[in-house]
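There is one chain below, alone, in C-alpha cells, taken in the form predicted alone.
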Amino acid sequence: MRKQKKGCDVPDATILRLPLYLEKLKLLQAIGVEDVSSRQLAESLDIKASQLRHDFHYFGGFSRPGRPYQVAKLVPALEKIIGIAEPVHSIIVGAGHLGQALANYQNLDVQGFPIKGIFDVNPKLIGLDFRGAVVQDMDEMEAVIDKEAVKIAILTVPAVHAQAVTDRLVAAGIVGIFNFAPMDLKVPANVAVRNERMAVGIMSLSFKVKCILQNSEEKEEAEDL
C-alpha cells in the first residue's frame, strides 16, 4: 500500500466522501461482513465503483486489482487518513440552543471528537452540565484549549461575535473551526474552516422540492391532455 501523499493534495469531493465510506464500512463490520468489493460498497452509497476506486487511489488503493477490500483493515486505514485514529479533542463555543443540541449529540464522542469544553458569556448558561461537560465562562477558553490540546472548535455564536471569537481561537492554537455562524470567517492559511449554513441547506432542499412538485404537475397535465 502506498503512503498517503504528504501534501494532502486530495480533491474536496473525495474528502467529503471518505466519512461516508467509513460509516458504511463500520456498519458492515458490525454485522460481520469481512470482505466487500468496490462495486458492492459503491452501490450501497449510490455512486459509481470507478469513482470509489479513484478516491481510494489517492491513498494507495487498499487492495490488489480484482480483489475485495478487507473491512477489518480498511476501517482503521480510513480512520488514520481522516485523522481520527486517536480522539480529536474539541470544544463548543456558544451554549445557546444549537450549542446545547451539539453538546448532547453523543455521536461526536463515538466518531472520535470528545467535547473537552463548552463556553459562553451568558451567566445564566454558565454551570449547565451536558453529558459531563460543564459550560464555562469564555475567559476560561484559552486555558482549556492549552490544557486539553484542543485542535477543533465548533462555533455557534451569533454572527456579530464570530470573527472576534475566531481570532481568539486561532491565537490559542485551534487549527480547525466548524462554523455555524452565518458569515465567512477570516483565518490564516494554516487554519481550516468548514461552514455549515443551515439556511443555505434548507433553501437548496426547497429548490429541489419545487422542481419535484413542478415536474409532478407537468406530468399530471400531460396525462390529462
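The first residue of the shown sequence is 1; numbering continues from there. Computed from a predicted model, the values in this text were never measured in an experiment.
Missing here is the form predicted in complex with the DNA; even so, the following discussion is about that form.
Chemist: Would you please decide whether residue 13 lies within 4.5 angstroms of the DNA in the predicted complex, comparing each non-hydrogen atom pair?
Modeler: Yes, residue 13 is a contact residue.
Chemist: Can you tell me if residue 179 lies within 4.5 angstroms of the DNA in the predicted complex, counting non-hydrogen atoms only?
Modeler: Although the DNA is absent here, residue 179 would stay clear of it in the predicted complex, with no heavy atoms inside 4.5 Å.
Chemist: Please tell me whether any heavy atom belonging to residue 66 falls inside 4.5 Å of a heavy atom of the DNA, as the geometry stands in the predicted complex.
Modeler: Because a heavy atom of residue 66 falls inside 4.5 Å of the DNA in the predicted complex, the answer is yes.
Chemist: Under a 4.5 Å heavy atom criterion, is residue 158 part of the interface with the DNA in the predicted complex?
Modeler: No.
Chemist: Go through 44, 195, 29, 51 and name the one with a heavy atom inside 4.5 Å of the DNA in the predicted complex.
Modeler: Selected option: 51.
Chemist: So which stretch, 182-190, 169-177, 36-44, 195-203, is the one near the DNA in the predicted complex (non-hydrogen atoms, 4.5 Å)?
Modeler: Comparing against the DNA in the predicted complex, the contact stretch is 36-44.
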